[in-house]
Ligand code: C5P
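Quick setup: one chain, the form predicted on its own, written in structure tokens, and binding and motion questions come after.
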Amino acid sequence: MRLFTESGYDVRVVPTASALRFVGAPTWAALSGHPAQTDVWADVHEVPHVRLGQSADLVVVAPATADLLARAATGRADDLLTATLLTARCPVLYAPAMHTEMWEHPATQANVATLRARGAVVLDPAVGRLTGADSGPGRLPEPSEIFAIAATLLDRAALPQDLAGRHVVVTAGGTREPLDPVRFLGNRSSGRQGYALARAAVARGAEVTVIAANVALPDPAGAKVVRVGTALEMRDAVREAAATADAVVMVAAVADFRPATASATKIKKTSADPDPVELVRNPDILAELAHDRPRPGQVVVGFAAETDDVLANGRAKLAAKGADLLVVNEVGEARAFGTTDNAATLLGTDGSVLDVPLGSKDRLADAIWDAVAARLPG
């Protein structure tokens, strides 16, 4: 809620009776600047169970318990929150949190499927430590990531659910090729653009798998994250995930080369000049996938980071790789890598060219998914 209010949004809090055992109504009122709405029978003349839902631009339920999901899926209206959900005609975002067994129970999964079929965005919970010694799927995603999904929905109120029922794979970050146990060949990629694509796909209803190479960012809410380090590990993970994917977007900066051998111990500095490092070529994961797609109709998107002759190099790379789309951007010091904004040109094998001007990486992510969705088979 602090993230919403600090970003200028007007927030009304509707806590359930159970929620008030954790955070009291005065705290919610102080943080939001409005009385916490808790009871259908309070302020009856304002008809709160109708007014709140009708006036909202977005409803966020966090954490969404197994009980709340069940009541929402069956259309219950036995408290102010569920009544508000029935009257809301805006996007609704649920961030589930519960024990692993409760999340995996067929009843909960059926309720989640029902809500998603109605157009609600239901995030998959994060994986991690729960209460007590338990650990597994069921942890509430990081607040910053829930907010990022919510901001995407607010930014595009008519955000299409054109990826609902689709499985998409996004690679992110930069691979590192070890020279010895402490040194590596790497690049400047932070993973921000890949994570923006993951969040946008979740908001559009997709099942999202992120293959993250050395990314130091919170996991995108609602996405499954597979961690890798090297290009060879990335290749194996992409092959496995792509087997069931409708679209694969290769955002990660994968090293073109790796040392032919990696020292088992730290290479010591001596008075002599160091030995030259022999490099060998890494597999071209994008080209391999594009030319040997595991599923018919699979859409494959690549990224090209260029420093000169950007469009000419991009067109040549699109032809060589065999992808459906190539996102070409100019990179360099404080440009694209590690920044919060980006500009790019989308080149299609159909001859299409779309310039996306400098803006947030979230905006570029939306443009890319628009292009992908248009190419997915019906």
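When you see a residue number, it is the position in the sequence shown, counting from 1. Every value quoted in this text rests on a predicted model; they were computed, and no experiment measured them.
One more form of this protein, predicted together with the ligand, exists but is not displayed; see below.
Heavy atoms of E240 never reach within 4.5 Å of the ligand in the model of the complex, leaving it off the interface. Shown alone here, D236 lies farther than 4.5 Å from the ligand in the model of the complex, counting heavy atoms only.
Contact annotation for R315: none of its heavy atoms lies within 4.5 Å of the ligand in the model of the complex. Proximity of G302 to the ligand in the model of the complex: non-hydrogen atoms within 4.5 Å are present. With the partner left out here, the ligand still marks one of 162-170, 206-214, 249-257, 88-96 in the model of the complex; by a 4.5 Å heavy atom cut-off that stretch is 249-257.
The partner is absent here; in the model of the complex, the one residue of D284, D79, D180, D124 having a heavy atom within 4.5 Å of the ligand is D284.
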